[in-house]
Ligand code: PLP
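One chain follows as C-alpha cells, the form predicted alone.
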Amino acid sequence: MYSKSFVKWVVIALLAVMVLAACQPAAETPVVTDTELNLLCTPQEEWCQGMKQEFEAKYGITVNYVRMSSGEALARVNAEKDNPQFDIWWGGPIDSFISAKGSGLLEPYDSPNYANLVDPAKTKDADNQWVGIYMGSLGFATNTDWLAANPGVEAPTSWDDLLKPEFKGQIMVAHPSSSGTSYTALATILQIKGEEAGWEFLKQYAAQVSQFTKSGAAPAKFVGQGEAAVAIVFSHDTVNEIDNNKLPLKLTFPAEGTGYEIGGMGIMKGAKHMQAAKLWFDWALTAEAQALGPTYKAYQAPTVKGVTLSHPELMEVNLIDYDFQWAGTNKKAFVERFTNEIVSADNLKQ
C-alpha cells in the first residue's frame, strides 16, 4: 500500500505536468501566402486533373498544371534550368528525377511527412531531392481477340517471347526518349541480360515493333483497339483499360523477372511558389492523398502507410532488383544510344 502522502505527491505532480502542457504554445501551421502553384504532372490526365481539384478544394490555392510524359518533362525542366516555369514535378519514374538531380534541377526539402513512408531506404533520395509517391510493375497486354484469331499463339510470358515470328510487327511500346515506361523496359532488359547481350536484344526487339508511341500508357489503348497484338506497359495501365474501358486485353508478366517504377516527386530549384510547392509535397505524402488514385482510375501501389492496395496482385510478381541509381545515371546516354543506333524519335504515334 502506498502512503497517503505519496499518493498526494503523485497527484500534485501530475496536475503540474498537465498545467505546464496546457501552457505550451500549439505547433504553428506554416503560413502559406502563395495563391497559385505551377505543377508539372506526368501521370495520366485524369489523375492530374483530379489531384489539382483535390488540392485546390483543400487549400484554396490555384493549381496550373501541364501534363507531359517523363521524357518530355525532363527535357523541359533541363531547358528551363535558368528560369524554371514549374514549382514542382509530380509523377513519373524516379530514373528521371535521379537524372534531374544530377543536373542540379531539384531543391532539397526535408518534409515532416517522410515519416509516413513504408520503405524510405528505397523510396527517398538520401539528399531529400526526390521522393517516391507510387509504385508499379511492368507487364505485357495482349489483345484477346487477336489471340482468338491466331490459334496456337499464346500471350508472351517472357522477354524472349517478344522475338517470336508471330509477333513480328505486332508489338507496340513507347519510345524511351519520351516515355519513362519505355525507358524502364529498356533498363530492365539491360539489367537482366547484361549490357552487351541486352543491346543486341533491343535491336531485335525494336524490329518487332509496329510503331513507337509518345506516351507510355498509349500502347495498351491502341492494342486494345486492335492496332497491334501486344503492348509493353505498366500493369496498372492495362488494368485501367480492362476495368474502365472494357478493352479485350490479357495481362501477363515475364517469368524471368520484370522491372518496376517508383513514381517520383521533386521541387524545382528556383521555384517561384516555394511555399505552395512544399505544401503539395507534404500533402502528396499523406494516406489521404495517395488513397485518391483509384478514384481517378490510377491503380499504382502507394508508398505511404495507411493505404489499402487496390490491386495487390500487380506487385506480387517476379520483380527484379531494379537498380534505379544506375538507370537514372545512365538515362541520357542510353536514350541517345537507342535513338541514334536503333530507332529515331521521329514520327511517334500520339
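One rule holds for the numbers: they count along the sequence shown, beginning at 1. Since this is a predicted model, take the numbers as computed values, not measurements.
Below: the form predicted together with the named molecule, not depicted.
- Here the marked residues Lys101, Gly266 and Trp280 all miss the named molecule in the predicted complex; none has a heavy atom within 4.5 angstroms.
- Comment: 174 to 182 is the region of 244 to 252, 77 to 85, 193 to 201, 174 to 182 lying near the named molecule in the predicted complex, near meaning a non-hydrogen atom within 4.5 Å.
- In the predicted complex, at least one heavy atom of Ser215 sits within 4.5 Å of a heavy atom of the named molecule.
- Taking the partner from elsewhere, Asp95 is found to have every heavy atom lying beyond 4.5 Å of the named molecule in the predicted complex.
- Ser69 belongs to the set of residues with a heavy atom inside 4.5 Å of the named molecule in the predicted complex.
- Although the partner is absent here, Gln44 is a contact residue: one of its heavy atoms lies within 4.5 angstroms of the named molecule in the predicted complex.
- Residues of 235 to 260 placing a heavy atom within 4.5 Å of the named molecule in the predicted complex, in sequence order: His236, Asp237.
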